[in-house]
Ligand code: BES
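The chain below stands alone, shown as structure tokens; this is the form predicted on its own.
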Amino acid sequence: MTTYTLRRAAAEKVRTDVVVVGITTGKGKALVPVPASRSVADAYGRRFAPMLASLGFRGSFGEVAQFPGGDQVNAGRVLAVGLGPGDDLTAEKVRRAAGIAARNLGNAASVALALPAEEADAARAVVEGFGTGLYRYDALRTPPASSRLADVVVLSEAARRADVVDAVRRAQLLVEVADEARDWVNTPGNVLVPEVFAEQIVAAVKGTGIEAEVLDADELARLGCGGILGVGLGSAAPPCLVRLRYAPADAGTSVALVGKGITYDSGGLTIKPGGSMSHMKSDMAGAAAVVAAMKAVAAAKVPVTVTGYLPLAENMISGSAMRPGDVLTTLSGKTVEVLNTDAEGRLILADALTMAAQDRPDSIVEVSTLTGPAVVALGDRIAALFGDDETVAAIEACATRTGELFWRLPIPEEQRDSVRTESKVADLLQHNWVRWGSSLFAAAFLEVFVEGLPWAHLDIAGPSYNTGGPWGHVPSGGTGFATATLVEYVESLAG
């Protein structure tokens, strides 16, 4: 396990395998070390900048260069990471650069980070970025791979300041819980079926102060959760719903977090193209983010009551699978005509949102890998955000602090009308096969089930799973996206 230590020390004097130095660019593209790294540059004197330049290093954001420490520093190696123009340095750039440094450590057992960490936000960004950059999913390798990195020293002139100490502690916690979410998202669908996922969630929250209850298929049938049950009809692995509750005695407000948990999505009878199925084990990233966020909130003892609703199902093909044209009766009592079995997420969320709304929380935030068109609209690094003005604004403010990217999209009245009026046989239409703006239609469908409560819908289909190579601090595969913003939002409710 990697241990983080916050220290006030000169970077060139720290005895470590690697010292990471941050380099910005100044006037005339001059290489300018950040304050925490200046002592390393001073130790090399006038040779420092020419030595970096000889390695092709220009200080552009994300560049790296490394060289032996020699007699000038106590580190075995110096790893320089580019931060770009010094007058345009942000906490998010620091976060991403720290992740890049983590991936370029090599076989180091100890490292000192001489990156901008004089303010709480920057210190948090350093630890979050570096910790996330270290992430690997190796659980199924034989034997499982393990990192040699044991000790990380975060260098800061403010190492004794309470807000910086707290920021580093909270960043470590967030990395830990987000890594657990990433592990779940990366676990193959044949391993993480709904029942197993539910068991692992219950085990993960044991002893945290979070109560857990699993509603199996029989209980869901008794309640009338036709959306969850309908989606699960085609699978040999039955669906279930996990309800989590964190209720501190000093809570002054309450929030419901709803996370989509499709452990594998074949598309059902409306089958996906073969090339689109390989990463559909990630269709439960919303549920994973909710569990991770609740664990962080409970560990930080945030005085807010948080209830999590996690509908879990596998969307498969069989003789018993849900058919296009079927009508399901949801927990709300509303009937839904199903036209696209690959739009299954909104069906399980309908029941979970109704359950959340029945408890009358002060707000509802729902997280799901819901629609491909959200990725078409915004790419794979930005999530779509819907909801009422106040809740959306709060989420946007929280995302500014966490560095996660969201873009608000509207729910037009014509989409609301389509949901409610276009089915000829049921109360609601699940999907209308109009390609244009279909993420908006999905949001309008979900809105029906929140019963007028303040709410936000986070469509994280793009950024929740990175199908390409790592970038910045973001790993390949499961990213843990939305975990940090959910935690920040709950904390904001505590005032």
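Here the structure is a predicted model, which means the values were calculated and not measured. When you see a residue number, it is the position in the sequence shown, counting from 1.
There is another form of this protein, the form predicted together with this ligand, and it is not shown here; the text below is about that form.
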**Asked** Should the three residues M280, N340 and H431 be counted as contacting this ligand in the model of the complex, with contact defined as a heavy atom within 4.5 Å for each?
**Response** yes
**Contact stretch among 158 to 166, 372 to 380, 294 to 302, 193 to 201 - heavy atom within 4.5 Å of this ligand in the model of the complex** = 372 to 380
**Prompt:** L446, A461, A41, L52: which sits within 4.5 Å of this ligand in the model of the complex by any heavy atom?
**Reply:** A461
**Message:** With a cut-off of 4.5 Å between heavy atoms, is R346 one of the residues that contacts this ligand in the model of the complex?
**Reply:** yes
**Message:** Even though the partner isn't displayed, in the model of the complex is S438 close enough to this ligand, meaning a heavy atom within 4.5 Å?
**Reply:** yes
**Message:** Taking any heavy atom pair closer than or equal to 4.5 Å as contact, tell me whether D265 reaches this ligand in the model of the complex.
**Reply:** yes
**Proximity of R420 to this ligand in the model of the complex, heavy atoms at 4.5 Å** = no
**Sequence-ordered list of residues in 228 to 261 near this ligand in the model of the complex, where near means a heavy atom within 4.5 Å** = K260
